[in-house]
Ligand code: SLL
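Take a look at this single chain, the form predicted on its own, given in structure tokens.
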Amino acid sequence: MAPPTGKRVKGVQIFRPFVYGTTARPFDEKTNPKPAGIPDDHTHSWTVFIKGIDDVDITYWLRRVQFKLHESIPNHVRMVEGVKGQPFQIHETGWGEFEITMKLYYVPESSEKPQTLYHHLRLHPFGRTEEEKEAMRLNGGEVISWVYEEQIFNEPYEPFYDILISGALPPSASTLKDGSGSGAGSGAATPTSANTPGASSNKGGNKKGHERSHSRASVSTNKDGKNYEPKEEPFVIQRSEGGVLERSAMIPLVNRPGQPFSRETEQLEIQKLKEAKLKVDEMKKQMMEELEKKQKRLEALKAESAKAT
């Protein structure tokens, strides 16, 4: 962890969505043949990863990831350095399930301590219902165990704050090059001012096609130790295929193949919660009615007992 530089931006909390998990496939001669040299008892190929939502780059805040696999696997502790635009991932083969430890190391500008995630490698179909398990079996046996997560940076240091919000559209940007509304969200929340850069928390996606340049100046000195004009390092803001703005907290509006997390998914989960609440309320109502009947029956039995004595 690098020593802190600058001051913390008080009252500000910034989040960035990302996805982590595993994808496994059984070996099959037609769809997933076993490569030469793989042990005979290995039944699956699998991948563990951490990546941005809609595959956007996250190396501007995440520098490297340490994956700790089962001790029976050669070189079971592996460090994966960030490569712009690519996920942090490891490809392996095996026959058993186990818990994977992922340690996240942030960029030096953040001065944040490493954080740890845990994920259970799934090789076989799973789910809350038999229908969900069967759906995995019909998907060529591919077992997807992915988790949506949000990385929260509480009161980040000023240099890191500037990096985090470099992909956010300013409040004055009302239209994009393609004519659509901005809808950009930085994923920052501040109780002091809604006009502070990065203060919006809107995560909805828009049409892609918008590009905008930021320039990050690199402070330099000459041989005499005097400052000279800084070099401009342009960062071009782009949108992903799902409409997610680079370096923002946006998520896609709808699902696409290979991209199961979106506003659509969120609404489906909310609907499930509403349906579950209705079911619980109905069960509670039935339980209270049954309890009331039993209470009346108990009072009647007490009255009969009192008369008999």
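Keep in mind the model is a prediction, meaning the values are calculated, not measured. Note that residue numbering follows the sequence shown and begins at 1.
There is another form of this protein, the form predicted together with the ligand, and it is not shown here; the text below is about that form.
The closest heavy atom approach of Ile73 to the ligand in the predicted complex falls within 4.5 Å. Among residues of the shown chain, Gly96 is one whose heavy atoms approach the ligand to within 4.5 Å in the predicted complex. Not displayed here, the ligand is kept clear of Lys68 by more than 4.5 Å at the level of heavy atoms in the predicted complex. In the predicted complex, the ligand lies within 4.5 Å of some heavy atom of His42. Annotated contact segment (heavy atom within 4.5 Å of the ligand in the predicted complex): 86-94, selected among 155-163, 86-94, 129-137, 142-150.
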